[in-house]
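Take a look at this single chain, the form predicted alone, given in structure tokens.
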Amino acid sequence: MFISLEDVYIFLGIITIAGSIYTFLDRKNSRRITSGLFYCLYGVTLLFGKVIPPFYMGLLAIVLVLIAGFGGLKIGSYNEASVEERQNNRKRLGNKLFIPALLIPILTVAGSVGLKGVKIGGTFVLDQTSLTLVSLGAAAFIALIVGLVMTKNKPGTAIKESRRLMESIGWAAVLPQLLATLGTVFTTAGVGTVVSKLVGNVIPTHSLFWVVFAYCIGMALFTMIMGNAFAAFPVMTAGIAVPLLINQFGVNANHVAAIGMFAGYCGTLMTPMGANFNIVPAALLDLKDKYQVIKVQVPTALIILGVNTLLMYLFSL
């Protein structure tokens, strides 16, 4: 393929490492060395993750945890534009500011649907095994270029802003990868088998509705515990989806995976364990109640969870 998932990770790694250089050089940050090392190593895992042996990747993960755990991270200084400058830019660009942001979902959907199976000279345009993710990465890159052209900024501005956002998120930026890995560890350890036996003792496994209900609600609850649907997915899928929904009832695996993840995301909206989604925004917005974001999201999350459960059941009939 012309653009693979590995290309997306390489792009992210380059941006992250480039941002860490600014952190190393930020003399106003009293912990610029440890902060810069954290983001540099994180970028290395993205850039060279395919070639670094698992053992050494594990060591890098431990170093990241130690740096964050011992308070090695601190937000730096960014020489941001003044309020007046930002207001002038808003007036100059107006609603055009939304174009880069809207391009990302539009191009992601267009790539996922329109470039499925498309080849040029016998070569796939996008990686067909991870079509949606690669489409998202390509869409983000295109939106970045459009944003730079519109605002007449230099590429360095994008790196600086990426660094600012990354440092605002802090250690929580690595949570998705760590939790996804933890989910794989749980699955290998047999947690999925335990879940399957537990479900078999609680619900009638001959009923499609109750199996769907257990899977969707289980995805949400386990996500609330783990903090990320990526961690819950391998466990719940190995314990309920594969043996019952797919093998027993013959439900389409794509429907199970897509809607199951949506159900898990509902759990993400309702837990402080999803720090990068719920706690970090509260900190960025200077909210007095750090759980305010979660409280606002709970009603919506419950409604969407109910809709996802109903959709999966209807698609499974």
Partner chain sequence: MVLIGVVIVIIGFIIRLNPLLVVTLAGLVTGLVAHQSLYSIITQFGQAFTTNRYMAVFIVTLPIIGLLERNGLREQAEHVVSKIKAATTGRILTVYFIIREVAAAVGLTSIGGHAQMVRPLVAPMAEGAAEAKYGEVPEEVRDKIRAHSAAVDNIGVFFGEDVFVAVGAILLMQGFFEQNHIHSDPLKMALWAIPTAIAALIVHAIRLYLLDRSLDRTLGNKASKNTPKKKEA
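Numbering follows the first chain given and starts at 1. Nothing here was measured: the structure is a model prediction, and the numbers come from that model.
Although it is not shown, the form predicted together with its partner chain is what the next lines describe.
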Against its partner chain in the predicted bound form, would residue 315 count as a contact residue? Criterion: heavy atoms within 4.5 Å.
yes
State yes or no: in the predicted bound form, is some non-hydrogen atom of residue 33 no more than 4.5 angstroms from a non-hydrogen atom of its partner chain?
no
Taking its partner chain as it sits in the predicted bound form, is residue 157 in contact with it (heavy atom to heavy atom, 4.5 Å or less)?
yes
Verify the contact flag for residue 217: yes if a non-hydrogen atom of it lies within 4.5 Å of a non-hydrogen atom of its partner chain in the predicted bound form, no if not.
no
For a quick check, can you give me the residues of 41 to 65 that have a heavy atom within 4.5 Å of its partner chain in the predicted bound form?
42, 45, 46, 49, 50, 54, 55, 57, 58, 59, 61, 62, 64, 65
